[in-house]
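Heads up, the chain below is alone and in the form predicted alone; it's given as structure tokens.
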């Protein structure tokens, strides 16, 4: 057995033991309060879920790819694989129980113009890793298939070297019978930038969790997302951004539309560590409730240990503005169409953060397709 293989197996064994000790996350953990996984799954089901499938239809020239199921992982994989962030319970599970996944490397100084399309399908545990080296840039589009089965649990590691840039677009379709969990750990070096957008359309339980460390001066993280839910769909976005160095910047903008008996969750935590002076952070979460039985749980949080910082957060939930609705109806627009126009305007700000026109159009198309489901129980 090679040293590299032994190293990976030791890391998996460590993750397995940690998962067994911690057990399944549940509502008594404050950050899992609105997504009680233990109530619907047990540890045995997670362990026996198998491995989900991944594919990259066309790898852009200049990107190095390594199959995590293969032996003899290169040094750049071993350095970052399973080492970023605080590795909470379900990320430990994806590390312990997945028998495959993919690692990607963008070499220093390389600009990848074409988005890397990483498709994820089927049920099971999975890992993927991206390393963007100094001064390089790339975009990853991560569409998930609707054929999840019982559980899809994905663990992601993102390592951005000095001056690197990564745009990450994740699309999760409506999967009413499934549990979909993804944990994304991001290490952002000096003057590097991580931009991400999360389009969620609900599952029996859906959870996207991020732990981002801005570890060098000038590091940035910009998060946005849209959630459109109907029936009894559930979608939870939980983020923790740590400003670990001075003059770092983070922004978050999440918009939710919830109809039927659905539940939309946003929990955003910002920690500005001691010495991270001059940091700037803004987070905004807003929700439209389209029925009396829909629910939105919005919880922004700030913890500051530094000086000379700019931190702001806001959260609102409610129905459409009645005056705007009345104005449109007074111009002869039917109520259903007027509501759709106002919802589109509400969501547009968050979708426009996607800079790539084709990816923005793809996400907007899915938003339009999901709106009728959310509006079925509209007042």
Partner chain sequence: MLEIKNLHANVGDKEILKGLTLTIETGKVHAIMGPNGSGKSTLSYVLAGREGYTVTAGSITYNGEDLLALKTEERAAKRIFLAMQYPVEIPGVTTMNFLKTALNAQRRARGESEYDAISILKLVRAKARVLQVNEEMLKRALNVGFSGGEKKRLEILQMSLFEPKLAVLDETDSGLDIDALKLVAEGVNALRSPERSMLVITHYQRLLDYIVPDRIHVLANGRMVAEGGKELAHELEATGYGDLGKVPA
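Computed from a predicted model, the values in this text were never measured in an experiment. Residue numbers count along the first chain shown, from 1.
Below, we turn to the form predicted in complex with its partner chain, even though it does not appear here.
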property: is_contact(residue 323, its partner chain) in the predicted bound form, heavy atom dist at most 4.5 Å; result: yes
property: Residue 331, heavy atom within 4.5 angstroms of its partner chain in the predicted bound form; result: yes
property: Its partner chain contact in the predicted bound form: residue 64, any heavy atom under 4.5 Å; result: no
property: 4.5 Å heavy atom contact, residue 342 to its partner chain in the predicted bound form; result: yes
property: Contact segment among 310-318, 334-342, 50-58, 37-45, judged by heavy atoms lying within 4.5 Å of its partner chain in the predicted bound form; result: 334-342
